[in-house]
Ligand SMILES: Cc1cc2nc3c(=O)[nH]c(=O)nc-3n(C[C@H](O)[C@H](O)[C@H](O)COP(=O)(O)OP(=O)(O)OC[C@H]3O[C@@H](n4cnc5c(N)ncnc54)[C@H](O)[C@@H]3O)c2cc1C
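We begin with a single chain expressed as structure tokens, specifically the form predicted alone.
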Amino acid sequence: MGNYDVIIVGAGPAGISTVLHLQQIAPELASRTLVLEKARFPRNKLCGGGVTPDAERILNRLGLDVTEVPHVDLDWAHFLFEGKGVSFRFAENYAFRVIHREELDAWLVRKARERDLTILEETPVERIVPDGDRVDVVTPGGTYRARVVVGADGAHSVVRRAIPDHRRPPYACAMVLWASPRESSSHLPDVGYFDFFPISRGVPGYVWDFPILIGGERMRSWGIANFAIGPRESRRRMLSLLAEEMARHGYRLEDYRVYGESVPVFRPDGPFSAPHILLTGDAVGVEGVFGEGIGPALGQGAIAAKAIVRAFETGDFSFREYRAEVLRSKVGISVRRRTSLAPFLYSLRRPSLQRFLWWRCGRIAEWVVKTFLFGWTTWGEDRRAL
């Protein structure tokens, strides 16, 4: 079907970030890059839709203004246990933006095409076959070849399967639905709520509720995250806890269609690369405290682009240093810190410990989250490093 220098599998935030950063630092290479996407935009994508200031700064550096996309700015984010806790913002005047992923991803693809980048939709990749100094990318319509293949194809990455990994990664699970606002709810219309009460009930995660625009209509994004998904019973417990919290605000879970998705959790010792192959975004894994995907995916796209450019400059396509480059980058440090914190946070199953954390030490928790876990795009003075 064709030979390319680079093929990126997946046109979500990770894939589009990679190709846009390639164009920024090596435009000739970007012109010989192909992005393959199995769906057609706008596509369905399970995601709460939170876009943090870190994600927005990465897009700004690419010359993109995400406020072009319909969005809701959250006045505050409430981090709670049993309805009580601490409120804070990640930006000066708002907590973060909420954007429906269908619209965000379609906008990113449109912006990439406006810059003459090549994206083929409705082209699912069936398998990846390394072949000497090339990689075959097999699709139903034929086989493409490239010197480098980037796996930006999300939680169920086909590219990831081509990299030997003898350890099964831990998985997180999220269940999401969209509902019309209820006057009976005590939740404020432009505030996000993240309640960690499921931890004390056997589910290491949280329930969220915040506003979102879908097709121009104001809705509420409700969901529950579980960072140690296990047997079917665990999923039933998730639905039970989500139903319980929604009922407190005038909703009946059975009135809505619930969407569920599992995704690998980031592991510093997990698969990152193989000769001629890189992974980025959810294909590497989501961080294990909040499950944020968009910001890390955008940041990792920049790291992948730099590694690709260096490979073509040096002729070394082993990518043996790629893992270390990701882990020591600012986005990598942020994700590693969250992953390291997760076992501690989710081991505090006694309600008294969670109450102490969020009720008594809320401001300390806020400082840790804002200083050490988020805001990585502003760490230090060298803004060239991500």
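Start at 1 with the first residue shown and count on from there. Note that the structure is predicted; figures quoted are calculated from it, not measured.
The form predicted together with this ligand is left out here; the points below concern that form.
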query: Interface membership of Ala174, this ligand in the predicted bound form, 4.5 Å heavy atom rule; finding: yes
query: Residue contact check: Tyr346 to this ligand in the predicted bound form, 4.5 Å heavy atom; finding: no
query: is_contact(Glu56, this ligand) in the predicted bound form, heavy atom dist at most 4.5 Å; finding: no
query: Gly141, heavy atom within 4.5 angstroms of this ligand in the predicted bound form; finding: no
query: This ligand in the predicted bound form: contacting segment from 180-188, 293-301, 270-278, 71-79, heavy atom within 4.5 Å; finding: 293-301
query: Position in contact with this ligand when the complex is considered in the predicted bound form, options Glu261, Glu103, Asp136, Asp165, heavy atoms within 4.5 Å; finding: Glu261
query: Arg355, Arg32, Lys45, Arg337 - the one with a heavy atom within 4.5 Å of this ligand in the predicted bound form; finding: Lys45
query: Site check Gly205, Ala342 and Val369: each within 4.5 Å of this ligand in the predicted bound form by heavy atom; finding: no
query: Within 4.5 Å of this ligand in the predicted bound form: residues from 32-49 (heavy atom criterion); finding: Leu36, Glu37, Lys38, Ala39, Phe41, Arg43, Lys45, Leu46, Cys47, Gly48, Gly49
